[in-house]
Ligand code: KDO
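Heads up, the chain below is alone and in the form predicted alone; it's given as structure tokens.
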Amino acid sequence: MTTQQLTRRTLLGATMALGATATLPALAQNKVVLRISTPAGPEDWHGKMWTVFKESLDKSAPGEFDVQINLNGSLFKQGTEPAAMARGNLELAAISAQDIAKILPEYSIFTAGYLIRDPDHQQKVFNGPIGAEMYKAVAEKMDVQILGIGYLGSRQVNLREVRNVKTPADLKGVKLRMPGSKEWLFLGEALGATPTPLAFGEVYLGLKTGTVDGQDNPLPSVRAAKFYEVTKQIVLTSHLTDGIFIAISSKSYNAMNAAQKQKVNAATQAAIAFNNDNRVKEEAQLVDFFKKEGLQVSTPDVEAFRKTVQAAYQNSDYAKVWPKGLVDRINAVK
């Protein structure tokens, strides 16, 4: 081989190597970047569900998506995600009905007590015509697409002393700790109690000293905060079935092709199923846990509570911004 041939081959090899290297950033750039922001921690089910989302996409669309999970509000603070998605600074987040209601007041209907009965009812409402209508409004006014809703837990009444609680009338005079906003205090009053605002960090001492007679939270929160140490009863009122909406920036979603959208939707449903199954299972196990800790666990006349609370909301200012007939339509979903 002559010196000229060797030089030509060397240059050709170098050119090919440079060309191969140049394709690497191009391949990376071709991936659909999905940045996720959540206030949840790594041990929370709605923190873990994003790993399920990522794994589902990695399996169904290997190399197509770059899913970046940011926990503990490390990317955006809770409540700021919708604006970030509308600006195109964020692709995915889990947002609350309270977040949406700031822009669409009619979403306050989903913060009302006894509207959504249980996790199954929640899925049926939002996976049907009602969900389609409400999600369309979000897309039109917020530049955000809602892909589904995950279950956050059912709030129950937790009392210092045992009471025979069958109807809201049996909670008369009970100082029930509620979060400090007017919406939460309204719910406490609708339940028949005397709502008492108190910071979450002060609830344990408040229950111990009698500053409050009870508090309401999902059962996992009761265990985590050890409220069972200073209370004697849990009344399974299930007065608020809480949920969180999985949402994606319209800009990002609309840039995807049909196949990519289908894969993202499937990954969302896998994540929601994981979250919901584990939350429901945990709540069921906690009833036995509290009984073993010596608490009485009772079930009231939930229908009596539902009728009383819904009547309170229907006669309130909140209901004035709700779409006509929507409460009846939600109640009719079986």
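If you superpose the two forms and keep the largest set of C-alpha atoms that fall within 1.5 Å, you have the rigid core. Treat the numbers as computed from the prediction; the structure is a model and nothing was measured. Position 1 is the first residue in the sequence shown; the rest follow in order.
Omitted from view is the form predicted in complex with the named molecule, to which the following refers.
- A heavy atom within 4.5 Å of the named molecule in the model of the complex is found for one listed residue only; from 108, 96, 122, 156, this is 96.
- Among 135, 184, 204, 228, the residue placing a heavy atom within 4.5 Å of the named molecule in the model of the complex is 184.
- Heavy atoms within 4.5 Å of the named molecule in the model of the complex are found in one stretch of 43-51, 282-290, 265-273, 299-307, which is 43-51.
- Although the partner is absent from this view, residue 216 contacts the named molecule in the model of the complex, with a non-hydrogen atom inside 4.5 angstroms.
- The named molecule is not drawn, but in the model of the complex it has a heavy atom within 4.5 Å of residue 78.
- Within 4.5 Å of any heavy atom of the named molecule in the model of the complex lies no heavy atom of residue 197.
- The shortest heavy atom separation between residue 90 and the named molecule in the model of the complex exceeds 4.5 Å.
- Contacts between stretch 150-189 and the named molecule, counted in the model of the complex as any heavy atom lying within 4.5 Å, involve 152, 155, 177, 179, 184, listed in sequence order.
- In the core-superposed comparison between the shown form and the other one, residue 247 has its Cα shifted by less than 2 Å.
- If you fit the rigid core between the shown form and the other one, you'll see the Cα of residue 89 move by less than 2 angstroms.
- Once the cores line up, the CA of residue 196 ends up 2 angstroms or more apart between the shown form and the other one.
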